[in-house]
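The chain below stands alone, shown as structure tokens; this is the form predicted alone.
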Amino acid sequence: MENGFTFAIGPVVIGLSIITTWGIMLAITIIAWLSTRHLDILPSSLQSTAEGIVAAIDEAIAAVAPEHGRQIMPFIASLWLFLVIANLVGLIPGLHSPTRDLSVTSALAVLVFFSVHWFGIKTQGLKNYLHHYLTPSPVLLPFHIISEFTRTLALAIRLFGNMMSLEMAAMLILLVAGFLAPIPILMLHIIEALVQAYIFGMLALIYLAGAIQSQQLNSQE
């Protein structure tokens, strides 16, 4: 699914999606550093924007996992910021959203998969965490295991499918209509990109909260 510039480091082929991903991570790092290096009571416009974004994400996390917001905030905030930029970068001429590549969305889904178990074990301990796979009955163990993999697969395919179809639809409309309808297409792309970023991040948040809070209930019983 890779088009455009690629190069190889030994047997590893580095495609445009990976290069774009690295660029997005670098951009987020630089913006975060610039917006926090001179914090002031009377904030600059950049600091105010950063504080507004952090406050909005913190509020969303508090609504789902109020007791563990500080713990999972860095991961969820980073994931949301990356997804928003990655989904929108396709609007830049010559670039494609890395999330239209199944390998990228699969990597994000696997990251969420391991993060869910990491936070669950870190919060409740290995024994208490593994115990929930046997509740309410050990008979359900295979179904719990299958659900872990199917929801990870669904995360990857949902984001990939939506972003790929969005870019293909925009390309086809532009080929047919030319630039007669660029603004509606642009608005559609922006709205859909933001919605898909929100859905993926919210699902990741729900999975994390479920792993932490379900184990907390089991430990209290």
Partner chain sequence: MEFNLSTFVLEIINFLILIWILQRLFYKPLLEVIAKRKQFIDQSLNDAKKLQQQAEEQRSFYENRQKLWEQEKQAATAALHQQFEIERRAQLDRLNADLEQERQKAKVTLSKQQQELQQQAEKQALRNGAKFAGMLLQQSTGPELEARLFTLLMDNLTVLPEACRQSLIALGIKKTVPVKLTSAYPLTAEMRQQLEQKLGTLVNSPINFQYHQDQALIAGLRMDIGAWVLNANLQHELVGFAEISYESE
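Positions refer to the first chain, counted from 1. Since the model is a prediction, treat every value here as computed from it, not as a measurement.
Separately, the form predicted together with the partner chain exists; it is not shown, and the next lines address it.
The shortest heavy atom separation between residue 165 and the partner chain in the predicted complex exceeds 4.5 Å. Taking the partner from the other structure, the partner chain in the predicted complex has a heavy atom within 4.5 Å of a heavy atom of residue 35. Proximity of residue 39 to the partner chain in the predicted complex falls within the 4.5 Å heavy atom cutoff.
By the criterion of a heavy atom within 4.5 Å, residue 203 is excluded from the residues contacting the partner chain in the predicted complex. Only one segment in the set 108 to 116, 89 to 97, 124 to 132, 143 to 151 has residues whose heavy atoms sit within 4.5 Å of the partner chain in the predicted complex; it is 108 to 116. Contact check at 4.5 Å (heavy atoms) against the partner chain in the predicted complex: all three of 18, 25 and 75 pass.
Interface residues of 81 to 112, taken as those with a heavy atom within 4.5 Å of the partner chain in the predicted complex (partner not displayed): 81, 82, 101, 102, 103, 104, 106, 107, 108, 110, 111, in sequence order.
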